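Shown here is one chain on its own, the form predicted alone, set out as structure tokens.
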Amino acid sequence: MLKAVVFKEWLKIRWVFIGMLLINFLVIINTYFNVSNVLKVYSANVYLVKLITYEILFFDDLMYIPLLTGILISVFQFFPEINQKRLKLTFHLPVQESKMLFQMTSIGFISLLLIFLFDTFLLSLVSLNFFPDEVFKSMIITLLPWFFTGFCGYFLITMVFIEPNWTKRVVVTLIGIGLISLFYSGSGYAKFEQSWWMFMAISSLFGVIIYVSAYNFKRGIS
């Protein structure tokens, strides 16, 4: 059963996964060339002081890409299920709906995680090539909330698709938008050094609430 679920979910998201992987790659390559071109004009020390003084993120083109990635993977994975009314049949298989949903969302979660690890690896190469270790460490701290928005966006859209009650959908969407906006409330390097774990907790909360929507969906609770 698990192999069948993995194969089915992969078929739905494989092209958006490859597409977003390519977009993430192109954005980071563009970041590399931007930094490289600037360093042809300024010395590394001058550019570094400018980045720190004015809190300029050399990788800020990536800021909203993780959120977009999470949303699109959820849409490609769950919109066909709702539009073609396949999810109700899936949840009535001889497997508890929470277990089935966990298997389905695990595919999306792992896909996002692979993309974000890929982004981190490439940006690490860029950072360590041009800047000292301190900038690299600060970059990682700064990236974490952005990556968590990807997971939040994925779980939020999944929840909206699964929840059978439109009022609850609207309420969940508004609350979700409000919470996700907090992930972008700071600017500069390592602004969330002491609070990144809070964003991880919020992401985990999103991942738990979808099971309530799955329960409502299977039983037609509105």
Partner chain sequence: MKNILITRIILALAVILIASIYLPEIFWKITKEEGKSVSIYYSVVKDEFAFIKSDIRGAKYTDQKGNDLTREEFEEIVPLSNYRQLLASGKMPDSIKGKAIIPKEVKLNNFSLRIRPEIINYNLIQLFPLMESQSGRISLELPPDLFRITDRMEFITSLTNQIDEKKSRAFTDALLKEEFQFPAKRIYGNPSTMKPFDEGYFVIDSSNKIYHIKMIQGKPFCVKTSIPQNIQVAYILVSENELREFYSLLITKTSEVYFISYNNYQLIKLPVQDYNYQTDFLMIRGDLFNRQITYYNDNEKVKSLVTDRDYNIVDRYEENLKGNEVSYASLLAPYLFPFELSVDKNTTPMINFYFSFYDLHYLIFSVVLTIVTIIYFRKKHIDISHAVIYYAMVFITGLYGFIAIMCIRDFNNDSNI
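All values derive from a computational prediction rather than experimental measurement. Positions refer to the first chain, counted from 1.
Not on display, but discussed next: the form predicted in complex with the partner chain.
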*Residues in which of 63-71, 38-46, 25-33, 149-157 have heavy atoms within 4.5 Å of the partner chain in the predicted complex?*
38-46
_Heavy atom of each of V171, G178 and Y215 within 4.5 Å of the partner chain in the predicted complex_ = yes
*Contact test in the predicted complex: F109 vs the partner chain, heavy atoms, 4.5 Å*: no
*Should F199 be classed as touching the partner chain in the predicted complex when contacts are defined as heavy atoms within 4.5 Å?*
yes
_I'd like to check something about V208: if you look in the predicted complex, is any of its heavy atoms closer than or equal to 4.5 Å to a heavy atom of the partner chain?_
yes
*State yes or no: in the predicted complex, is some non-hydrogen atom of F161 no more than 4.5 angstroms from a non-hydrogen atom of the partner chain?*
no
_Residues within 4.5 Å of the partner chain in the predicted complex, restricted to 17-38 and counted by heavy atom_ = none
